[in-house]
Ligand code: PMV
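Given as structure tokens, the chain that follows is alone and in the form predicted on its own.
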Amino acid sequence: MRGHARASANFALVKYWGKRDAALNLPARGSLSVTVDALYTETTVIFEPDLAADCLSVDGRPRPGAATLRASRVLDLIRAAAGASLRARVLSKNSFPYGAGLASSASSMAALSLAAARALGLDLSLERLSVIARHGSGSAARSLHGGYVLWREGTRADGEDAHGSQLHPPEHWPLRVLVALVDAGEKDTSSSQGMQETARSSPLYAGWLDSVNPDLEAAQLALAARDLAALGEVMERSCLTMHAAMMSARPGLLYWRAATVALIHRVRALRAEGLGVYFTIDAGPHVKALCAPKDEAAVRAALEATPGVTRVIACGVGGPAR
């Protein structure tokens, strides 16, 4: 009773920040993302009769506490679907820093849901697995799918319609995503906690929510037309609006470092020089630069030369969990 799966991280082009139901991880608004190939999690799930409780190891290190509780929420749903009761040993390994604002929770919960389902002999659709994985990490709803993915907020109280769906496969538009790492440590405030604090105390939160649906419409049009300038404009606007709401929480939530700000200015300078490159930043200090393949070498060199950048990871558009 063993399953193994790999799922890739995804980066939101139009952001998800805030929940309409925290217990079910239902988003307050929809979001749109790109799945990336070079950042992934590989997970093995083994259901064992002698285990008294689920146990989780990430990159060779036991992870009791909150991480295991999130994994158990996903495993409970898989067990219920299979009519099983055995506890599981979960062995997870990442190709990139864990818990540092690079969507490791999305890839890990997506891989976990698929590996656990296969271990118990279930052949569930990616949409159904997306709903299950969402209980462990909201953005995991997008990592089951490859290419460009829309996560619908849904309307049902039980959240069964709040799942990810592929809008376009990877080959629709093989853009490049360059991830500039500026801090490999785990962040002090988790995304879930940060969302709660922003919704509770930010005077800009209502405006942030109002901005999402128009941005989703504009981004989908830009994706369909493969219009990088239009997509990049929406992507940067969504990023900065989200972070403005986070920064105005009480206390202000600031994931950025000095190098984060330097990278924003560097990307803007590259664009002024004629390169097609745009930035986005999730709940962490790292900057992701979206560009056309022809500009990748020049953009990468500029990012690597920015003070405070420790490494640049080059990604293509990735496929679905497998």
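These numbers were taken from a predicted model, which means no experiment stands behind them. We number the residues from 1 along the sequence you see.
Note that the form predicted in complex with the named molecule isn't included here; everything after this is about it.
K.L.:
With heavy atoms only and a cut-off of 4.5 Å, decide whether V299 touches the named molecule in the predicted bound form.
P.N.:
Flag for V299 set to no.
K.L.:
Are any of the heavy atoms in S137 no more than 4.5 Å from a heavy atom of the named molecule in the predicted bound form?
P.N.:
Flag for S137 set to yes.
K.L.:
I'd like to know if S248 sits close to the named molecule in the predicted bound form, meaning any non-hydrogen atom pair within 4.5 angstroms.
P.N.:
S248: no, not in contact with the named molecule in the predicted bound form.
K.L.:
Any chance S191 has a heavy atom within 4.5 Å of the named molecule in the predicted bound form?
P.N.:
Yes, S191 is a contact residue.
K.L.:
Looking at S130, T198, S105, S92, which is the one with a non-hydrogen atom within 4.5 Å of the named molecule in the predicted bound form?
P.N.:
Going through each option in turn, the one that passes is S105.
K.L.:
Name the residue from L290, L263, A283, L56 that puts a heavy atom within 4.5 Å of the named molecule in the predicted bound form.
P.N.:
When the named molecule is considered in the predicted bound form, the option within 4.5 Å is A283.
K.L.:
Okay, which stretch from 74-82, 173-181, 218-226, 138-146 lines the named molecule in the predicted bound form, with non-hydrogen atoms inside 4.5 Å?
P.N.:
Heavy atoms within 4.5 Å of the named molecule in the predicted bound form occur in 138-146.
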